[in-house]
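Listed next as structure tokens is one chain, alone, in the form predicted alone.
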Amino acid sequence: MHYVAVVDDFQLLAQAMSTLVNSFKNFQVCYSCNNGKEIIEKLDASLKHPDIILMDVNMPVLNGIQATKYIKDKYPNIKVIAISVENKIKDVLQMLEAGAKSYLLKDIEKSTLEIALTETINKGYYHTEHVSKILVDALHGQEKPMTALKEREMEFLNYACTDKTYKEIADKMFLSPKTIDGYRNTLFNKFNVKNRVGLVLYAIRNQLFNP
């Protein structure tokens, strides 16, 4: 039997997630917490720890990103799976960088959650096709050495690291969508990345953008 802790400030969702996990043959919820501070206190006060923590991302007191960083450093054997109602690029990147082994949306199918838990136990990670796989491709992509950016390229990059659409970025920069596409393709080539996720990850890694 593998034990799971659920961390979510929305009690109704935490209870629903716990019920779901408890329905799986090889998994059982040992306890739930309301925020990152609570799970850390629980871990620090106990000699027995869960195998997996289902960690919400956005919570009061201490969020999932900060809690995951702490757990990765102090309890490296505990595997954290991020769970969220949204898949903003910044949240996904920060959770995986913090040490999460997967990033799941809360409305996933029951069977997908069971697979995610099982794969995380057996392989150490689980990547959904829609969210995590593209991030892993970016994380393991080969990056070119730092290349100097022009002022407008830097401006575009900072907007690209937000949740704005390319059209919204074009409006902000008073440029045509076609020109924005040009900036995007230029930076893809300079950084040797294939998508916006890779672009954002490169920017964060090289301190070109501070979320």
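Residue positions are given as counts along the sequence shown, with the first one as 1. From a predicted model like this one, the values you see are computed outputs, not experimental measurements. If you superpose the two forms and keep the largest set of C-alpha atoms that fall within 1.5 Å, you have the rigid core.
Omitted from view is the form predicted in complex with the DNA, to which the following refers.
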**Message:** Considering non-hydrogen atoms and a 4.5 Å limit, which listed residue (158, 185, 28, 58) is close to the DNA in the model of the complex?
**Reply:** 185
**Request:** Using heavy atoms only and a 4.5 Å cut-off, decide whether all three of 150, 164 and 196 touch the DNA in the model of the complex.
**Result:** yes
**Asked** Looking at 50-58, 37-45, 164-172, 63-71, which one sits within 4.5 Å of the DNA in the model of the complex if you count heavy atoms only?
**Response** 164-172
**Message:** Once the core is aligned, does residue 197 move its Cα by at least 2 Å between the shown form and the other one?
**Reply:** yes
**Asked** Rigid core fitted, is the C-alpha displacement of residue 154 between the shown form and the other one 2 Å or more?
**Response** yes
**Core fit, then residue 169 C-alpha moves 2 Å or more between the shown form and the other one** = yes
**Item:** in the model of the complex, shift in Cα separation for residue 161 relative to residue 62, 3 Å or more
**Value:** closer
**Fill in**
Shown form as baseline, in the model of the complex, CA residue 122-residue 197 shift of 3 Å or more puts them farther
